[in-house]
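Heads up, the chain below is alone and in the form predicted alone; it's given as structure tokens.
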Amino acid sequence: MTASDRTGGRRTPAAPPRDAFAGIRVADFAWVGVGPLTSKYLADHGAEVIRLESRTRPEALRRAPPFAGGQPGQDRSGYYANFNSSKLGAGLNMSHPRAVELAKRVIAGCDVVTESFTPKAMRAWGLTYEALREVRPDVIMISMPLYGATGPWSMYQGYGHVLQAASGINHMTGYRDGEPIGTGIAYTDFFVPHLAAAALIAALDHRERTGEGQHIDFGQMEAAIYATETMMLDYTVNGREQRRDGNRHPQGAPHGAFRCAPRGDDDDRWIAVACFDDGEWAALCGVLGVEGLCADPRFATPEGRKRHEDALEAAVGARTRGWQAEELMARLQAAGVPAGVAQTCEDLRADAQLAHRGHYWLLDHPEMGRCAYDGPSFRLSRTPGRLSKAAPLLGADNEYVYRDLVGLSEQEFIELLAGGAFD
């Protein structure tokens, strides 16, 4: 019977929609940022994602601050927790004599395998795609090394800060005539997973239609280059190498961040402003009460404002210092000037728009207690996604994974546990 059928003149209620990836199981070997975030898209939409980790060689992000309550611990990293909610956790010590066998038995019940090591790691363990196809012929494996599975850099290791330099992002991040400074976070960790997830979902769609699995060779560097926007095109087409120029824009002026009045004891308050035409410039002057600047011949045209940008920024910055950032943002936006407060973490946690959207999820963690987690970054209309649980303790789901899924007997499980197979 369908939802459109009628019984006794009343509509039969529709069955609740399944999560988008319900029924998909993932063996997640990946470390740190890109790999775990890629599998998290599936976990938040119903896939059963099993983190396979080792207590003897713990995942690097488990050792990364901030720690709950300022107390370090493998199960207390907020960084790790935010990247691994909605997942299960199983221990697997790859130096144990039966580790490879156990890994293959887990993978035999999985649809997807994720990993982000250099190519030699899975090869050394005997867990290559070819080997995994023998235990699961339609398995999809996505390998996410920094520089891909082939080439002269394929064996190089590194993190997001290394990748943003290698992919050209640092070259464009900094002030004019200053050194390349990059970003304050491992920037590529937060957008490369979008592309990796898209590749993985395409492979799942292909398997749904054909029954065929495949191996995805996903080089993070190639994905990261997409963040350079027009830089590569400008060089390829025009032979022009763009240079870093702080917050400035080739066509806009003023275009930058300007200091505002302190908020209580916090004097690090800023507003970003961008003017691209005479109308926006005139509106900015009106709000700031500096109409005389519009009459200044140096600033009368967009070209003039670009030529005299140092003086222009000094004049604008002198006026913004007298405003509270939030009030000035509201006034400028109402006048049609693109503007936004440079929000702090405190601002974001209290942000009314994020609260309205239900972005933050409060989850109870056995070690860290009740904490706020970032929710899914997009909403599917029929299957919107959700955070099903806090990040797993290391090895928290060993019994479920190895007894229920793999099928170990109680005696065998206990012997392997005592022998360090799950450490």
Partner chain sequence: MIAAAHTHAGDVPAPGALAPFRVLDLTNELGQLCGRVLADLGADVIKVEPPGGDPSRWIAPFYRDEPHPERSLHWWMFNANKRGITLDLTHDDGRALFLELVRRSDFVLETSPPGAMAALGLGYDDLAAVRPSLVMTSITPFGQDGPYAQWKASDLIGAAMGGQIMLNGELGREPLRPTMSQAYAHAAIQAAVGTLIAHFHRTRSGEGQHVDASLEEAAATWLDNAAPFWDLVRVNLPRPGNGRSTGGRLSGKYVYEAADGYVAALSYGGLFGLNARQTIAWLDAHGAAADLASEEWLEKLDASRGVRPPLSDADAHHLVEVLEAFCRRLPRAQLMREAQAIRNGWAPVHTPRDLLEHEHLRARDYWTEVAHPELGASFVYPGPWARLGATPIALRRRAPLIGEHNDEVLGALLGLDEARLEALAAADVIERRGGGA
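Positions refer to the first chain, counted from 1. This one's a predicted model, so the numbers in the text were calculated from it and none came from an experiment.
What follows is about the form predicted together with its partner chain, which we do not show.
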Looking at 102-110, 178-186, 299-307, 316-324, which stretch has residues with any non-hydrogen atom within 4.5 Å of its partner chain in the predicted complex? 178-186
At the 4.5 Å heavy atom threshold, is Phe29 in contact with its partner chain in the predicted complex? no
Decide whether Trp125 counts as a contact residue for its partner chain in the predicted complex under a heavy atom distance cut-off of 4.5 Å. no
Would you check, heavy atoms only and a 4.5 Å threshold, whether Glu280 touches its partner chain in the predicted complex? yes
Taking its partner chain as it sits in the predicted complex, is Gly256 near enough to touch it, meaning that at least one heavy atom pair lies within 4.5 angstroms? yes
Heavy atom within 4.5 Å of its partner chain in the predicted complex: which of Val162, Val287, Ala311, Val135 fits that? Just give me the one. Val162
Candidate spot Ser54, Arg386 and Leu408, all three in 4.5 Å heavy atom range of its partner chain in the predicted complex? no
For 145-170: residues with a non-hydrogen atom within 4.5 angstroms of its partner chain in the predicted complex? Tyr147, Gly148, Ala149, Thr150, Gly151, Pro152, Trp153, Ser154, Tyr156, Gln157, Gly158, Tyr159, His161, Val162, Gln164, Ala165, Ala166, Ser167, Gly168, Ile169, Asn170
